Structure formats: C-alpha cells, structure tokens
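This document opens with one chain alone, in structure tokens, the form predicted alone.
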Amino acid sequence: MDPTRDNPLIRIKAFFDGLGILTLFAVLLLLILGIGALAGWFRKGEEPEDAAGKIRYEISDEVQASQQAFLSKEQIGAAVEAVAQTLSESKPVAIKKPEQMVPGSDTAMALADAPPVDTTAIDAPPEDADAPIDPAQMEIGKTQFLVCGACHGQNGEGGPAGPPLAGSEWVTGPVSNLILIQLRGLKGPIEIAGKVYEFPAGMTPMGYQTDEQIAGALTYIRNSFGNKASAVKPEQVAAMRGEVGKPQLTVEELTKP
C-alpha cells in the first residue's frame, strides 16, 4: 500500500492543484468568449451582406436618378402601354425551321415531296483535287468528330451504333452522299467493304451544324483513318441546305460509289 495516499498534506495539495487547473480552464474559456463577443461588437453593422447591400442600394439610386433625368414615370408608363398595345394587336407568324420539322406534319410531307437537289456540280471532280488539305479545316473537323466518334469510333473503326468510316468507299466516294447523310440522316442497311451493316435507329440528322462545321467534319473523315480524298467545301453544303427536314435517307437514294 502506498503510504503517501494517507498523507493529508499530499491530498490537500492534489485538491488545490485540481482546483487551480479547473480555474485556469474557466478563465481561458471566458477569455475566448470575451474576445469573440468583442470582435462581434466591433464588426456589428459591417457584415459583408450589409456592405454589399449598401453598394446595391447606392447603384440603384444612381440608376433611378439617371432615368428620371431623361424620362418621367408618366413617360415610362405611356411607353409600356404603347408597347403592350402593339404586341396585343400583332399576329404571330410561324417561323419555319426545317431542323425542327414535326414528322408527319403537312409541312414535312410537302418538303418530302420536293424534288431532290441536283448533285452533278457538287460531285464533279474539283479542279484543286490534289491541293493540300487546309489544316484549319481539319481542326474544325476534328472537333466536330468528337460527337461522331461516339457511334463510329474515335478512330473510325465503327462500333455498336455506327458503321466503320476507315476504308469505307462511301466516305471517299461522291461528296453529295456525305452531305445528304449529314443533313438528313440515314436508315436501313448499308454495305461497306463487302459487309452489310444495319442499326435500329440509323443515323440522326446533323442539320443544326453550320456549313463550315459540316464541311470540316466531312473533310476530316475523308482524310483520316487511312482515307484520302478531296476536301468538302462549305459552299457545297450550303447548296444542299434545302434537303434539311426531309425524311431520313436510304441507300437507294444515294449515288453508288
């Protein structure tokens, strides 16, 4: 048994030591709370939200004062009333957007019956067929192909949702085929390098792209993955814009490569 445990002096000292530690802890706690309260007192009325609100009110007052210097409330009210009257009396006019044509609608049916565009000039061998491909156009095409690659494979190898582009006679064949497919999409079977491919949904039309984007994408696939063919020009795409909105193509409507 430890004889010091029965020593009254040691017990009294331990008691006062514990009391001192507890007192010190209480003092520190009160000190921390006091500093926090003091900081809050100094910060009172200067919260970030208050400062930002003050700036907003000042700007709002300046804008209103500037407006009133040019137009009175009566003038603004009269202008609003005049605009509202004009809008209420106007008749809405339908805007025809072939890219957003409703399948089966009268407009879509009429567009489907329209004669096909003459592709003779577009498919004629270009005079600059051997000219180097513009690197800037290839960069545009490379960017656009990031979407195409989701189905056709980023290296043109094909995939579960799209046929291969590498070594495809359709890719290096008549330019009009590619433009038509891009503008109208494609459904049904297609034979590529002796193998038949068919995908349930076919290819979705990409007519929302600009002429430059379509020309770039087609030039890119015609000169990538081992393919080599002439560039596609934006003006060639523009000449076939009338095909946008027509039903998806079938291979029978294309020019055999």
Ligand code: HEC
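In this text the structure is predicted, and so the values were computed from the model without any measurement. One rule holds for the numbers: they count along the sequence shown, beginning at 1.
Missing here is the form predicted in complex with ligand HEC; even so, the following discussion is about that form.
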**Prompt:** Could you tell me if residue 206 has a non-hydrogen atom within 4.5 Å of ligand HEC in the predicted complex?
**Reply:** yes
**Prompt:** Is residue 152 close enough to ligand HEC in the predicted complex to count, meaning some heavy atom within 4.5 Å?
**Reply:** yes
**in the predicted complex, residue 168 touching ligand HEC (heavy atom, 4.5 Å)** = yes
**4.5 Å heavy atom contact, residue 164 to ligand HEC in the predicted complex** = yes
**Message:** Tell me which stretch of 116-124, 129-137, 73-81, 171-179 has a heavy atom within 4.5 angstroms of ligand HEC in the predicted complex.
**Reply:** 171-179
